Every structure is written in structure tokens, then in C-alpha cells.
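In C-alpha cells, one chain follows: the form predicted alone.
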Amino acid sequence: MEEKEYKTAIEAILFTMGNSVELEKIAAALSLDMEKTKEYMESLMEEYKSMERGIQIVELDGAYQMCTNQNMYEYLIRIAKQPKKHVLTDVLLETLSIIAYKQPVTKAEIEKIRGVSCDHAVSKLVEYHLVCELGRLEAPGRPMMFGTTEEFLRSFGIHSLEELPEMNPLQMEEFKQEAEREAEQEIVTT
């Protein structure tokens, strides 16, 4: 590889890792010795400085990290102050509706209904403050139970969960049968 390719690889490593990366690890990834890696690193750092870019590479106690140029902080503050609009995808809405109607509910119960993993969806709903952890189920592994928040009520313009639309009677019957099967399983296992 040529110097340009090594520098491009260094940029990719630092950008992808996000946090600081030790020089030894970068050298190992590039199959280079430490001295040559440091030379490329310092050259790359100078290039960023001379080009007055919005990002820079900084050295932190023998490790390197790609960071925002300090002169750009005012713009970052402006963008951070802008209200964030959360987009609820079909997956998020489906997961949220399951939580709203069956709360408190565990991820395993949500996954059983949806038929697929729900880790990402539940994490996003927690991040959006629409769902929160309500405690842990008294069962092996003590899984977390989730429920909706006040923000959920505000976002959907309702005052209480009783104002949620009625579920389709057929779906309601399916949920009841499922709950009865779960209750029977719990009785058998205890």
C-alpha cells in the first residue's frame, strides 16, 4: 500500500471506532511498525489542521481520536438545541402498541407476539421516552418489564390508557387465550 492508502485506512479506523484508538492497535491493523504508523498519523493530523476542516485528529495519551474542531462548537450547540422529531416506523408502532395494551410486558412476550427480536425497537422507544422500565418479573433471569410513560400519553393526546381504542374482538380473544396458556405454563413450572 502507498502512504495515501494507509492514511485513508487510518481515517476509516478512527471514524468507525469513535473513541480513541491506541497507536499499537492501529499499527497492528495496518501491519506497520509503530514508528511508520506514528509518522502517517502525525502527517494526517497536520493535513487536517492545514485544511481547516470541521474535524481533526487529536492525540490522547498515546491514542488517537477523530474529534470535532473546537472552532465548530457554536454550530454543534445550535443544532443540538433544535427540537428533535422522532419518527415512529411501523416496527416501532407495532412494538409500542403491544406494550401499551399488554403492559407490564417483557421483551420475551413482545417477541412471542411479533415473532422477531424487539431489542432495537424497545431501546428506541425508551430513548424516545415513550416506554420505560417498570421493574423486573419474579421469574428465572428476572426479565425487565416495560410499560408506557406520561410522554406516551402526551404524544398520543390521551389522558389515560383507558382512552386507547378498543382492540379488535378477535385479537382480544387471541390475547386472552395466549395469556391463559402462559398462566397454565407458569402453574406447571412452579
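Note that residue numbering follows the sequence shown and begins at 1. Because the structure is predicted, anything quoted here is derived from the model rather than measured.
Below, we turn to the form predicted together with a further copy of the same chain, even though it does not appear here.
For the residues 63, 66, 41, 145, the 4.5 Å heavy atom test against a further copy of the same chain in the predicted complex is passed only by 66. Contact annotation: residue 47 falls within 4.5 Å of a further copy of the same chain in the predicted complex, judged by heavy atom distances.
a further copy of the same chain is not shown here, but in the predicted complex it comes within 4.5 Å of a heavy atom of residue 26. In the predicted complex, at least one heavy atom of residue 52 sits within 4.5 Å of a further copy of the same chain. Using a 4.5 Å cutoff between non-hydrogen atoms, residue 30 counts as a contact of a further copy of the same chain in the predicted complex.
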